[in-house]
Structure formats: structure tokens, C-alpha cells
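We've got the same protein chain twice here, in two forms, each standing alone as C-alpha cells: structure 1 and structure 2.
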Structure 1
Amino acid sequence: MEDWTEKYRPKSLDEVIGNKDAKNILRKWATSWNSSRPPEKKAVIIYGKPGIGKTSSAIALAKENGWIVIEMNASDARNAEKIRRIATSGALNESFGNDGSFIPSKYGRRKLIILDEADNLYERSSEVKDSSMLDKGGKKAIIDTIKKTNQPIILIANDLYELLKGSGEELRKLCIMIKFDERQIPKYEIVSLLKKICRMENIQVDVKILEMVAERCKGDVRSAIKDLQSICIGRNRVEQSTIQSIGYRDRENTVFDVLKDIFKTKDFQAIKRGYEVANESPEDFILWVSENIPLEYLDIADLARAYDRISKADLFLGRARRKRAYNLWSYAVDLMSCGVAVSKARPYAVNVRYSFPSWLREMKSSKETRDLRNSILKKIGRFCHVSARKANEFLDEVRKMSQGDIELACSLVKKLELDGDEMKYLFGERAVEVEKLLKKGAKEDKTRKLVMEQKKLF
């Protein structure tokens, strides 16, 4: 099924819901490019939380004005060389349109350079030398491009501070700052959009459900559309009773949503909010994160940093468990979630199907065996007047001795009152032999008892 967020991506700024004032500023800036003289500030920074229409607005703006789009996102290598080759070249040179026609900039043909997730741009000296995936010099190359560009440029960021810090401070002077605020997206507009999608898909959905989806997304329109698609899959009609199934889906899938936030973004608020909704214990959640790190982080330096944060989180969990100081859990959760999120140089362009933790899977499959072992340990503990933990220290010796001595095995069955499954666990292949001897002994005891009773009669 086609992703509805792409299928119903706005084709004009008017179709982008909310943030009316921000869109007006953006449109006014674009209009100034269509005049004979370019504007004083040739670039715009659009910033705000994920899913509220930043990238959609930039693309819609280009469509409104008939501009060609050149886009670089966080999955691309954005070092100085790549930016000069792609963005700078596009910003300085004329080009042909998609239909092959050529119209110079002075006659209205423009190219919009979009640098998405610009706050994930890092100028760093990595442990991996000469890697084409380094962002070294990228921020400076962007600043140089903005200074001499002949074409409009839009930088998109979730975290404005992350973009402007360090060498990015100069961007403050060169760019117009436009904030997209989730509070500027009214709930009724989200409901209206969801209704429109339902009409286009020919699906009848109870308005109460649409209102609930709009309320829960907290301004994240992309999230609302994804939620709507998930509850409409395979249905032509969605009644209010489906709300229960939505709640079940959240409990079942939220952990995967949190993993996606950790591995694909650096939005601390979204990650923390997602973890709270996921309702996973820190001991289980660390297994989810550590299991999926190598699926996402392909750079050895990113991988090493992520597992370093996981190891520190595990130390806090151990201390919390030993000293019953559960206030340490918050430090562990921050390290295993936000700490792992900032370990990456950039999000990777890979679509990953996250794995269920293998340790939890093994524990689930071995639960029956563990329950059996624990039952035997309790019986040995009661007989020997020790704890089950102490009994566990010599259980293997008992198994070896009983498997080598059938009489001892039979004696253990009687004294510990072992059932058939416990016998198989303790004696292995010799359990059948022990069972036969016990049955034979039971018959002999019964015969002996009858003989004794007859003797008493005479």
C-alpha cells in the first residue's frame, strides 16, 4: 500500500495546514525572487518539530512558483566537496527544466536548493579517516554557497540551536528565520484533512475516531496521517468501536516507533515522550535498543559510541538493581535512548525492519524448561533445608550422580516426589529406565503386601 503521507503531500502552500503567518513570510520571500533583483537574504531557515509541514512547505513553494528542486537530506554525505558539487553548482548555474526546456533565471526559471535536516550536519574529525560520509567542512561550504548564490536556498531543521552553534552562527545573519509551531496547527484543521483523505480513499470513518487521532498527534500531521492509514488498512468502514483496536496497536507497536525516533532523529522530546508511552521497563528496553543498533548504524565510529552509551546505561541499571536505588533508572533511560540517538553522525538511508530482542525470544521459548528447573530446585531445597539458589549450585552434580546410579535416581524420585517431566529433565535418557524400575518395584511391593496380609489371615 502506498504511503499516504507521500500520496497526499501538499501541492501548494494553501494545502499545508496551520502556520499561516509563517507561510506568508515564506511566500513573500519567494515573490521577491521573482523580481528583477534577488532579496537581501537569499536563504531561509525553516525550523520546528518533526511532522508539522516544514519540508512539505518548501516543496509546495517550489511547485507554486514553477521552480526546480535540488534536495540534499541527512542520508546524503554533505561534506564540503559534495555540497560544492551539488548545492553550490546548482545555486550558481542555470539549468534545463524537467521537460527539457530552458528558461534563464531572469525570465522566471529558478532552482530551489533544499538542505533537509540541516541540524544533523556535523563538522567533525571522525575516527574513520578519509570516509566519504564525513560532513567535514560542510557547514562552511553552505555558508559560502549562500553568500554567492543566484538561486533561493532553504535550510530545514528540527533543532535551530544545533544548526547555529559553532561555525553555523554566521547563518543567523545570512538567513531569514521562520518557525513552524505545532501550536499553530488547530485540531479542527487536522480533522478536516483526515476527512478529506477518507473521502479520497472512499473509506467511512467515525468522526470521533478522527478527533481522537488529531488530539493524540499533538500537531504532528504526518503522525496523524500514518495513524489513520494504520486503522483503515483492509477496511471500508471504521466504527467508533475500533478505538479499542487502536489502543492495542499503540501498546504493541510503540516500541518500534521509539526505536525509529532514536535511530532516525535527535529529537529528545519526541524520544522521551515515545518511551513514556511505550510502557517498557528499562531492563527490557535496553535489549531492544542494543539488538537493533548494528542494523541502523553502519559507521564503525557511530557503532562504538552507541554501544559505549549502552554499556554506561547497563551500569546504572545494575546499581539500581543491587542497591534498590531506582531513581538511577532515569540516567539509564537517557543514555540508552537520547545517548544512542546522538551517537550517529547522521541518520542512515536504510529501511530497517527492527528485530525482537533475541535474549527475550530465547527466554520466552525456554520458559517451560526454566519453570521445570525451578520446580526441581525448590523440591531439593525443601529436602536439604537450603534455598533454591543454593540448591542450584549443586544441581548439576545431582544430575550426574543420578544418571550414573539408577538406585539413587529411584530414591530421589520417591523422596522428592518428582513427576514425569521433572524425571526427564533430571535423568535425561535414563528417565525411561528409572520409570520401569519404579513400576516394577511398585508391583513387587504390592505383591509383598498381599502375601503379608494372607499370612496374617492364617
Structure 2
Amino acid sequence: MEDWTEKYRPKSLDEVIGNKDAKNILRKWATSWNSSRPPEKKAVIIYGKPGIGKTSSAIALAKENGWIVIEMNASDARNAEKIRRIATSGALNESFGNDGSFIPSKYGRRKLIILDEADNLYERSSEVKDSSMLDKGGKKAIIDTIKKTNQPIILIANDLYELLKGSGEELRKLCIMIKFDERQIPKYEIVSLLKKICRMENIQVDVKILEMVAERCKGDVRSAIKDLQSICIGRNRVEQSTIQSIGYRDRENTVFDVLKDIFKTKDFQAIKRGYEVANESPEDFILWVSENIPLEYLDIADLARAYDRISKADLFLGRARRKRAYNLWSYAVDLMSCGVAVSKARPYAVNVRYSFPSWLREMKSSKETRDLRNSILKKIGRFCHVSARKANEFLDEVRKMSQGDIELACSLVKKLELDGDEMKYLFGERAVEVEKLLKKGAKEDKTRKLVMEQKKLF
């Protein structure tokens, strides 16, 4: 029996259900390729949950525009070498058709490179021995290719963070980012799609079952079709009583799903299951939860209760870390997930966009400044016979006095052996002045020395 998800893969963008806005952006981008010069953004990133039509849309887009599709997915190794080879054969120059025939680009059509599962590059792995099987330098090669290409590229990913992290940051500037949202797929459209398939397959299925399947898939249309097919195998009539045979699907839950369950429900089972699938360590997860508590829990009493539990969970984590008593993690996780869930008196009707722990982001982005300050504090501490921590107590004072007294600033540069960045941090706008004075001073010292030596000679 043929796989229905392939058999009924949409033939055009219109057949992809839901996400109208996202599809329109895609179309607009495709038209921008109609002029002789490539558009400013030569690549798009389509991201979103599995099974909601990302790849289908990409392929359908190519069909609508008469483009040839060159597809790479995680089943191919995608190291720098391989990507470049595909890219140079496809994106940059002439190319071969899928049947192997040579198509000079002069007469040929545009080729669309689809890089599926772009967030799953195995750039480093200890499990893989053969390094040619790794995706080493893959991200960089993708970025280079986008910069050089004359052909459209679509990256597809589930996890945008994963794709953009590290060297992927540059993709932000190079690509149009298009989100496919499972919430933008109305349930009734899924039901009518399932009905259509049943009609084509000539099988009678109770509409209650179709609704149930559509409900359970949570926007994952592909899994809905798979579920339907598995119910229908070997039958031409399906009654409502068959419903128990649809098993629970372990879908790739993201942190966001768990957060939603925690904040919107008190369903311990769903929360615990979701947490297990989301695969975050409790030490990271606690940051996710605490970041988002005040966004959802607007009532102060709820907020305080939730934070109380979070802080207790944190204590367990601390103890676990210190004593290597990782058994404590399970209690901590319950407190930070289920504990926070039951902290609300009633669910909130607000529609919150849960956010990434800003703490982590800012600690990362402020690392340089913090290192700089620490280095200055160490120097001041050594000079003033105090610890760096104590030096922080009067760092403001040192700053003020040296900004008010340029002579002091100059002498501190020598005494503390400050470098350029450290001077800027301490002296602010006056750093330039200080540097000039120091240069001048150094010159004068030199001349003075020369004069002295001259005097000695005569």
C-alpha cells in the first residue's frame, strides 16, 4: 500500500492547508526572482513544527514557478564539502536535471535548493567515527552558498534557535524567515482533507473518527494522514468503535509546548510527559519557566505561589549540584513544572508568546563587558590590597575620581597596567584624552632622555 502522505502531498501551494500569510510571503519572494538580477534575499528559512506543510510548500512553490528542485535532507551527510559540491553544481552554475541530462542554465530553468532539516546538522559528534559522515562546517558552507548563489534556496527547520545559534547567527541577515504555525491550520480544514482522502480511497469512515484524528494531531497534518491510513488498513468501513486503536503519538514536544501545558492547564500527566519529551535539563528548564511566570500569571498571589515553588525547586537543584545527589532532580522538576501549574487560582485567557530566558541571552551577550570589568577589578584589587569583590564596592568611586581628574587617570593606566578597552570602561569619553596625554608624555620622556644623553656626551 502506498504511503498516503506521499500520495496526497499537495500539488500546489493552495492545496497546502492553513498558514495563508506565510504562503503569501513565499509567493512574493518567488516573484522577486522573475527579474534578471537575483533579489536581495536569496534564501528563506521556513520553520515550524513537523507535519504542517513546510517541505510540501517548498516543493509546491517550485512547481508553481517551474523551478527544478534539488533537495538535501538529514539522510545525506551535509558537510562543507558536500554542500559546496551540490551548490556549485546546482545553485551557481549549469546543472543536471533529475534524470541526469545536462541543462545549460541559459536555456534551463531556475533551480531551487531545498535544505531540509537544516537545524539538524551534526557538526560534531563523538558517536560518528568516520568524519566524512559528519556535517562539519555545514553551517558555514550554507552561509557561503547563500552569499554566492544566483539561485533560490529554502532552508527548512523545526527549531529556529538551533539553526541560528553559533555561526548560524549570520543567517538572520541573509534570509527571510517565515514561520509556519500549527495554530494557523483550522481543524475543519484537516477534517475536510481527511474526508477527501477517504473519498478517493473509497473507504467509509465515521466523521466522529475523522474529527478525533484531526483533534489529536494538534496541527500535524502529516500525522493525521498517517493515523487515518493506519486505521483504514484492510477495511473499507470504519465505525466509531475502532477509535481505541489509535495510539498516542510521541511527538517532538518543544519547550514551548510544555510551558503552555504548565501555564494553561493543571494536567500533570500531559506536563510530565511533555517535559520528558522536551529533553531539557532541569537547570535550563527552570530558567525557561521562571522567565515566563510573570508573563502569564498576572495575579500577584499566583505569581508569588509559583515563585515560591520555583525557588524550592532551585534549592533542590543546588543541593543536587553540590552533593552530586541527582536523585533530587525528580522532585525539583515536579515542583517547577506541576508545582507552577497548580499555583494559578484559575487559568488566564491571555495569549502569551513565551520567551527564551533573557537571562541566558544577556549573560552571553554581556560576557565581554563582564570579563572586562572583572579584569579591572582584579587589577584595582591587587593595587589596593583588596579582593576583586571588595574592589567592586568602590569601582564607581574610582571611575568618578579618574574621570574628574585626568592626571590621576593617566597615572592609573601605568599603575594598574590598563589596556585600551579597560581605559574606555573606566574613563568613558575621556579615554581618548587620556591616551593622547600619555602619548605626548611618552614623547617628552624620550626627548628628555635624548637631551640628557647629549649632555653626558659633551
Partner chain sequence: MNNIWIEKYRPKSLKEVVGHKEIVERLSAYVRARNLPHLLFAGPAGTGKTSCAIAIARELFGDTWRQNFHELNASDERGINVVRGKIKDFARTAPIGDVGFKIIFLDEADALTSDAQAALRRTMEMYSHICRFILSANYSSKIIEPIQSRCAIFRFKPLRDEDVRKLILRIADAENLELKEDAIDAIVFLSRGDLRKAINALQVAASVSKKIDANVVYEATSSVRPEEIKCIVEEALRGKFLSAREGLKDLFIKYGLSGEDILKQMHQVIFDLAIPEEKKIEMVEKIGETEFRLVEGGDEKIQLEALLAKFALIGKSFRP
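All residue numbers here refer to structure 1's sequence, counted from 1. This is a predicted model, so every value here is computed, not measured. Superpose the two forms; the largest set of C-alphas matching within 1.5 Å is the rigid core.
Name the structure that matches the description of the form predicted alone.
Pick structure 1; the other is not the form predicted alone.
When you overlay the rigid core, is the Cα of Gly168 off by 2 Å or more between structure 1 and structure 2?
The answer is no; the displacement is under 2 Å.
Would you tell me if Lys49 moves between structure 1 and structure 2 by 2 Å or more at its C-alpha, with the rigid core held superposed?
False for Lys49: its C-alpha shift is below 2 Å.
Note yes or no: does the Cα of Asp302 move by 2 Å or more between structure 1 and structure 2 after the core is superposed?
Yes.
After superposing on the rigid core, how much does the Cα of Lys272 shift between structure 1 and structure 2, in Å?
Once the two forms are fitted on their core, the shift reads 7.4 Å.
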